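First, one chain by itself: the form predicted on its own, in C-alpha cells.
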C-alpha cells in the first residue's frame, strides 16, 4: 500500500482535503445559522410559543386582561365537552370537510387531465386563470363574496332572476339552509388551483414512452386513461386527498369574513368557536378557548397521522 501511494502521488492529493477547508466549515455553518435565525425566532414567537401557551392556559381561568389567573385543572375541558355549541361547531367542521374534499379532488383531476394535453390551446393561460384565486387573500375573498351573493343586488341573484330560475332573491349567506353549502362552494373555487397543480405535477411523473408504447399497440384514449393514467395516479390520489382533508380544517379567515359563523351558528366551525370565546365574547375566557383549541388540535393531529400513514404506504408501494 505504501509503495502504491508513493508511486502515485495523485492519490494522496485527491484524498487529502484542500488546505483551509476544515477551517472554513465552521464559518460557513455560522453564516447558515445567521441566515436562519430570523425565521427560527419568528417561528418560535408566533407558532411554537402560542401552541405551548395554549396548553397551559387550558388549565387556567383567565379573561386576558387581569394579572390574576386561577388554576382550575380539567374544568375547562369538561365545560367544552359539555357545551352543545362546541359539538355543533365540530359537526359543522366535519360536514364542511366531507363536502369540499370530494369535488375538490375529483374536479381538479379532470381539469388537470385536460390542461395536461399538449393539443389544448391557451393551456398556460387557463392554468394561470385557475390558479389566481389561490394567491388572493382569503379574507378579501370572503368580503367580496358578501357582495356577490347579496340577495338584492348581487350578480348571482340578478343572473338567476333574469334566467327565470327564481322570483325573489335568495339570501345565500344569511339563510341557514344555504350558507354552509355556499361557503363550501366558495372554498372549492378558492383553493381549486393548488390541487390542480398537485395533479399536474403527478401527471408529469408518467413517462411519455409508456403512452407511446400503448398507442403503438392500438390503445385508444379511454384505454390509456383506464390502464395507464389512473393506476399510476393512485399513490398521488392518497396523498392529495389527505392533504385536502387537512387543509379543509383551516377555513377561519374565509368563514369569518363571509358569514361570521352565522346564521344561527350554521357555519360556525371550531376555529370560529375558539375565536368567539377568546376575543368576541363580552368577557373573554381564554381558558375555555384554549381547551377547545387543544381538543381540536388533537383532532388535527389524528388527521395528520393518517397523512403520515398514507405517505408511508405510497412509498412502500413504489418500492415494490
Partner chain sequence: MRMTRRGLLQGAGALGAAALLGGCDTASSGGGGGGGGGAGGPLTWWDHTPNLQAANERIFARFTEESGTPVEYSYHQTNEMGEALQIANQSDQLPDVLTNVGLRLPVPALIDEGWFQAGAFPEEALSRLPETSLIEGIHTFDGKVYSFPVFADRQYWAITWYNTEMLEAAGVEPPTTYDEYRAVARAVQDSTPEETSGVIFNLGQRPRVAEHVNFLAQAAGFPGFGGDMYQTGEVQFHHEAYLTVIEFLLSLQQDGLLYPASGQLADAEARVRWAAGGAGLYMDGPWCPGSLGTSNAEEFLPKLGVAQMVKPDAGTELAAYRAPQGGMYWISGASQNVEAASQLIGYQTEEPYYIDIANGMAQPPLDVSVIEKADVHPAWAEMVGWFQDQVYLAPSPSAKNPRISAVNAMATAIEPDLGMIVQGAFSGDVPDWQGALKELSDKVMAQREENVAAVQAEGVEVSMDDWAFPDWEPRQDYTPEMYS
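Think of the rigid core as the biggest set of C-alphas that the two forms share within 1.5 Å after superposition. Fair warning: this is a prediction, and the values are worked out from it, not measured in the lab. Positions refer to the first chain, counted from 1.
Below, we turn to the form predicted in complex with its partner chain, even though it does not appear here.
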So, a 4.5 angstroms cut-off on heavy atom distances: do all three of 48, 226 and 245 pass it with respect to its partner chain in the model of the complex? no
Residue (of 100, 196, 173, 186) lying close to its partner chain in the model of the complex, criterion heavy atoms within 4.5 Å: 173
So in the model of the complex, is its partner chain close enough to residue 35 to count as touching (4.5 Å, heavy atoms)? yes
How about residue 125 - does it come within 4.5 Å of its partner chain in the model of the complex, if we only consider non-hydrogen atoms? no
Would residue 66 show up as a contact with its partner chain in the model of the complex if we use heavy atoms at 4.5 Å? yes
At 4.5 Å between heavy atoms, is residue 58 in contact with its partner chain in the model of the complex? no
Using a 4.5 Å cut-off on heavy atoms, which residues of 243-266 contact its partner chain in the model of the complex? 263, 264, 265
Determine whether the C-alpha of residue 67 shifts by 2 Å or more between the shown form and the other one once the rigid core is superposed. no
Kindly check if the Cα atom of residue 264 is displaced 2 angstroms or more between the shown form and the other one relative to the superposed rigid core. no
Does residue 53 shift between the shown form and the other one by 2 angstroms or more at the C-alpha, the core having been superposed? no
